[in-house]
Ligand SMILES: Cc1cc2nc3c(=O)[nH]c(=O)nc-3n(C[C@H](O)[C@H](O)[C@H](O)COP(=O)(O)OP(=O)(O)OC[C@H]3O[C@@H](n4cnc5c(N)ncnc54)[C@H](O)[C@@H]3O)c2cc1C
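The chain that follows stands alone, in the form predicted alone, written as structure tokens.
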Amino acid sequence: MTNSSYDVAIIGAGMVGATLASLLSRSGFSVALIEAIEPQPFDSRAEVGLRVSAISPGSSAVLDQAGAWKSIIAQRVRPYRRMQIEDGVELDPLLFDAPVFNMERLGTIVENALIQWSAWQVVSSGGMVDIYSPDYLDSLEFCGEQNQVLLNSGKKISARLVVGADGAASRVRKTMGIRQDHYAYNQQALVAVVGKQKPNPGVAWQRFLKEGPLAFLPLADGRSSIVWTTSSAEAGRLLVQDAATFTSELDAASSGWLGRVESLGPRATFPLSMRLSECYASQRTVLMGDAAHVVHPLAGQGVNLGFADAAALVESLIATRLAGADIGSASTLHAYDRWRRSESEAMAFGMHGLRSLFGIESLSPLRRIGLKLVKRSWAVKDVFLQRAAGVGGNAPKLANGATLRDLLGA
């Protein structure tokens, strides 16, 4: 380690934390990155992981500026250009095609482990980020112009700004004393990798069923990663079924899309909830990603919100430094808090409303009317895609195609 004092100390080197570390170090900030468990090397010859993300074009632009995207796309990914949404009772699907909206793709399906490993490789091999790992936060002292970060190893570092990117159970958030609103859905998402008679042609397919949506996300080898959202009790029942019974029920639920299921990998479930922090910044400390917000995975926007958090903070800190101001000032952190909290709350409550609309059987006529209106309105579709793609007026500049050099005025 060459420093004990930094511009920014980041707690957590997951997908979002490692990406932020790279962006900041490439922008000239001194950065410390603290991570309890180093990620395992990604092996593209191993079976596809159960946790994947639909990375939006905005997020891929952010990852590109972090130096990770070229490594990611050189391995096991699957871009998709069409999104197909079905009501479960309405035969006519809602279609979103990238070329219609002058987009190259709607998103890219990537394994979470690949994203984290690629970002970690960037920060660990460049020599620009001081990494403290394996180590983790023991305590955080808020004092004057530098916060003091005491690590479990006994090491002590200081930083003008501390970032909590340490997940939904964030120790940073708890140390800050920030309250969260928590809504448990009594739902779980069952995930698995399946192969059907016909290969997935690069379509993100989703069908709304009585207890939640079933999604098929395309993989590089033609199989699909499924995310089947249903009640906790039903998810538990599906998890322990024998393969033949499960595939039979999956065939029925997917209404024959791409034919019968011919291969089935391991299954797993995880609980779903919505968590929103009352604020994202105080006392020279900010929260981002799951440490700040957890949203329903209905539109696959969780990690994309985290990448937007990282890009927004980098944009804010560069502007503050160029103005000769303190990167940990209350005004800078208040602006970040207001910007990102409004975006994540809009997404969280939007997904919450959709989940409620599609989860109440008595609302099915209203639901079908809403889908028909969206089908007929190019403008509504465009707004939806702008939000899903992570671009648009309120998105960070890096997500909209700007480079770090642009932000730095170089």
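The structure displayed is predicted, hence computed values, not measured ones. Note that residue numbering follows the sequence shown and begins at 1.
FYI, the form predicted in complex with the ligand isn't displayed, but the following is about it.
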- Message: Can you tell me whether residue 304 touches the ligand? I mean in the predicted bound form, with a 4.5 angstroms heavy atom cut-off.
- Response: yes
- Message: So in the predicted bound form, is the ligand close enough to residue 310 to count as touching (4.5 Å, heavy atoms)?
- Response: no
- Heavy atom to heavy atom, is residue 141 within 4.5 Å of the ligand in the predicted bound form? no
- Heavy atom of residue 111 within 4.5 Å of the ligand in the predicted bound form: no
- Let me know the one among 290, 130, 87, 315 whose heavy atoms come within 4.5 Å of the ligand in the predicted bound form, would you? 290
- Query: If you check 157, 191, 258, 204 against the ligand in the predicted bound form, which one has a heavy atom within 4.5 Å?
  - Reply: 191
- Just one stretch in 24-32, 66-74, 53-61, 40-48 has heavy atoms within 4.5 Å of the ligand in the predicted bound form, so which one is it? 53-61
- Query: Within 115-138, which residues have a heavy atom closer than or equal to 4.5 Å from the ligand in the predicted bound form?
  - Reply: 116, 135, 136, 137
